[in-house]
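In the form predicted on its own, a lone chain appears below as structure tokens.
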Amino acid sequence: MRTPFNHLAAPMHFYRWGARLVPWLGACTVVLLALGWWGGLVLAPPDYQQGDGFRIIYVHVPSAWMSLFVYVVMAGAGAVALIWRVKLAEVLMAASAPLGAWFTFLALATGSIWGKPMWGTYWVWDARLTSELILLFLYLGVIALLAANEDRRRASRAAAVLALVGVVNVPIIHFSVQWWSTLHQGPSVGSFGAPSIHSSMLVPLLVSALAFKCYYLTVLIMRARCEIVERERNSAWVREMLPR
């Protein structure tokens, strides 16, 4: 029985409506990023302890959030690909992996830069930092499996299994500060009750995080459309739409 989801999940239809979404998502990314960084880097007051050094949160925190969000999306797409054999799910998983790896790397790099003045060192084998590093290795493992086999369907299945196994690391990263004694500060936004960060700093942070999410969706669709063309290059609709 066909549903509207089957229609939207068809590579041909995704390719077409994705082209309409990319300009709008790209524009939202630019506007939100400009607003978030203007509010965070210019309007927000210096932190009473860290001074202006705290402003790195407007890159570090959204990157860290996105590293987890993208992994969950990637693993979810992998589950759909394994269970229902949906081609688009395989495409979204493959398109998400490099983006998630870059977000994770950016979170680790900015965290190290922030850690030097705060902790006196660029790196400690802290529970949060170590589990985030493992997340980067999981992303790289998925990327490697996707590239290791010329049979894209078989490679996608292997990568999906690894992505699903690695999901266990996501709650470990999120709750590591509460579960273990760690140098990393506790949650300032996601904790129960009122946020421990002032609204003049919080609002630009949330806007920046939304900008990062729009950026991810923009590039995800662009990468997915390229992946679809590569996978469906022998299909009639590709030859008709993109004549050589």
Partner chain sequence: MSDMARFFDMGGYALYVWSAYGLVAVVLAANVAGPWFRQRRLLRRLAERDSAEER
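Numbering follows the first chain given and starts at 1. Since the structure is predicted, the reported quantities are computational estimates derived from the model, not experimental observations.
Beyond what is shown, the protein has a form predicted in complex with the partner chain; the following relates to that form.
K.L.:
Can you check whether Y215 is within 4.5 Å of the partner chain in the predicted complex, heavy atom basis?
P.N.:
Because a heavy atom of Y215 falls inside 4.5 Å of the partner chain in the predicted complex, the answer is yes.
K.L.:
Should Q50 be counted as a contact of the partner chain in the predicted complex, where contact means heavy atoms within 4.5 Å?
P.N.:
Yes - in the predicted complex, heavy atoms of Q50 and the partner chain come within 4.5 Å of each other.
K.L.:
With the cut-off set at 4.5 Å between non-hydrogen atoms, does R233 touch the partner chain in the predicted complex?
P.N.:
Yes, R233 lies within 4.5 Å of the partner chain in the predicted complex.
K.L.:
Might F103 be said to contact the partner chain in the predicted complex, defining contact as any heavy atom within 4.5 Å?
P.N.:
Yes, F103 lies within 4.5 Å of the partner chain in the predicted complex.
K.L.:
Want to guess which of 68-76, 103-111, 81-89, 138-146 is within 4.5 Å of the partner chain in the predicted complex, heavy atoms only?
P.N.:
Only one stretch qualifies here: 103-111.
K.L.:
Using heavy atoms only and a 4.5 Å cut-off, determine which of V124, I172, I134, M118 is in contact with the partner chain in the predicted complex.
P.N.:
Selected option: M118.
K.L.:
Do all of A10, H198 and L210 end up near the partner chain in the predicted complex, with near meaning a heavy atom within 4.5 Å?
P.N.:
Heavy-atom distance to the partner chain in the predicted complex: none of the three under 4.5 Å.
K.L.:
Are there residues in 208-228 with a heavy atom within 4.5 Å of the partner chain in the predicted complex, and which are they, in order?
P.N.:
Those in contact are F212, Y215, V219, M222, R223, R225, C226, E227.
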